[in-house]
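Take a look at this one chain, the form predicted alone, written out in structure tokens.
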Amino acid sequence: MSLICCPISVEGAAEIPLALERAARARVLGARMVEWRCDGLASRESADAAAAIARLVRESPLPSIVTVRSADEGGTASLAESERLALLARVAKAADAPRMIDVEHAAIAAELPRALLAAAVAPRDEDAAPKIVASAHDFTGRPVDLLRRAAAMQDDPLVSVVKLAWMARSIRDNLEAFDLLATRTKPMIALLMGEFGLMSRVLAPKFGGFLTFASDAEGTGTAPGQPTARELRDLYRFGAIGPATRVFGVVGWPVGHSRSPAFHNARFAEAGYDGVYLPLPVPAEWEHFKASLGALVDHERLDFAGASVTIPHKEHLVRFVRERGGELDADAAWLGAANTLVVHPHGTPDGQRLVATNTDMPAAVEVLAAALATRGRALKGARIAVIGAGGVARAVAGGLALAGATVVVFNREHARAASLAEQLTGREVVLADGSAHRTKVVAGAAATSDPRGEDALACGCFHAFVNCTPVGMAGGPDPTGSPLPDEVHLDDSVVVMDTVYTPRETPLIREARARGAVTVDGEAMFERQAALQSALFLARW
């Protein structure tokens, strides 16, 4: 079973009572070890550092690892190297010795420090002798000699636990950490730092990692990308992850704002399903998407089972599934955009392994139809402005057109709007009332045209406006902006819908509500499309 270890930095002896309180809180949050980061304490209390550390260990509510990290590997200890290693040796030999001491493997290569630490951790009795966690860190990227380091540390008889940590450059880097864990010959910690490395921290139990580090509170982490213990326990259900756990995630750029992990992990918990759902940041370019998603799907040990795909990758998902020979449902193929991928490990009955669909389309139709109904209007015959021409806009425009609305697409690149309109016009469909219908989507006037002319945003001829751009999204390119110009007339006969859901009240929703329009925030569409996705994820088995 992998442990949660909370690292707590202690800068001086006066901080010890507070540090012990934090350790007690970490225990309540699910931590089973505490790492006392004593870089500052060792530097400022050099004469009494060993005694202060002994107090931390003695009064700690959790088994302890003691670390005095060198500046070469990300620490702040200002001691001479000989002093630093001598202090760690005294800590290890003390009556109140910690369970483990963490020392850089490079630091114990020389004969003298090696002999010093070997003597300090020599068995006194079965319970008292601390173990050595030998560590190696790289804050710039994957070490070029990573495999050699891993082999040397595992072969070293002085080392009880191997710790390797490096800065991730993409989510693919996590897979090498998992491969190291899967082939380890002694207890190992293999963690990646930064926004791309969260997967390595959450999935440590799946691959048998000795422990993962998590902060006891937001903003107290000791490495980039470190989650909190509460997040590991409550959001990702760390204690329920095991070798057979299936992995899902939300693929996008950015994804830090996404509510999908909270939604889907809660659904998995309710269903008693052995799955975990993670944020999977993938930069916007097709090459990044193809390489990253391909690596996840192909990894033999990951059990990657599906994904939600968001801005800007919904069109990329269609291309990916086609290139892989997978199955696109009819709507996703028509739209040229998909937001849901299901991975079947052994194929479906018709032999397909990758299946993609689009749950945005039915979700958007459902929530906008309900809003229009409050004003006595049906989608059939309604005139709706869709702002944007990306994957979300394709789903919204296509779904509304299939429901009988006339859709006008606006985009800052007029050619994209025109291309989308051409692709989505002319599909034959029979409506619920039995009438035959052909979809109609047109491109709105370019930004340089008359702002009040026919098919312009401010023409006064629209029953609803739907924002399908990231404008207004927290963490997006324009979090304070609104896609509607001031010339657009709004009153209580008009519906304004935003597909952005973080924050729930975007500048567009706030402005539209203030001007009297009926508003539909992105939360409604998000929850509906996510519920449809969840049903697909849970049904795959």
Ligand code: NAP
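From 1 onward, residues are counted along the sequence shown. From a predicted model like this one, the values you see are computed outputs, not experimental measurements.
If you look for the form predicted together with the named molecule, you will not find it shown, but the lines that follow are about it.
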Heavy atom within 4.5 Å of the named molecule in the predicted complex: which of V471, L424, A356, A214?
V471
Answer with one of G306, G444, P205, G391: the residue that has a non-hydrogen atom within 4.5 Å of the named molecule in the predicted complex.
G391
Proximity of Q529 to the named molecule in the predicted complex, heavy atoms at 4.5 Å
yes
So in the predicted complex, is the named molecule close enough to V500 to count as touching (4.5 Å, heavy atoms)?
yes
Should P312 be classed as touching the named molecule in the predicted complex when contacts are defined as heavy atoms within 4.5 Å?
yes
Interface membership of R416, the named molecule in the predicted complex, 4.5 Å heavy atom rule
yes
Just to confirm the contact call: exactly one of 190-198, 97-105, 205-213, 405-413 touches the named molecule in the predicted complex at a 4.5 Å heavy atom cutoff, so which is it?
405-413
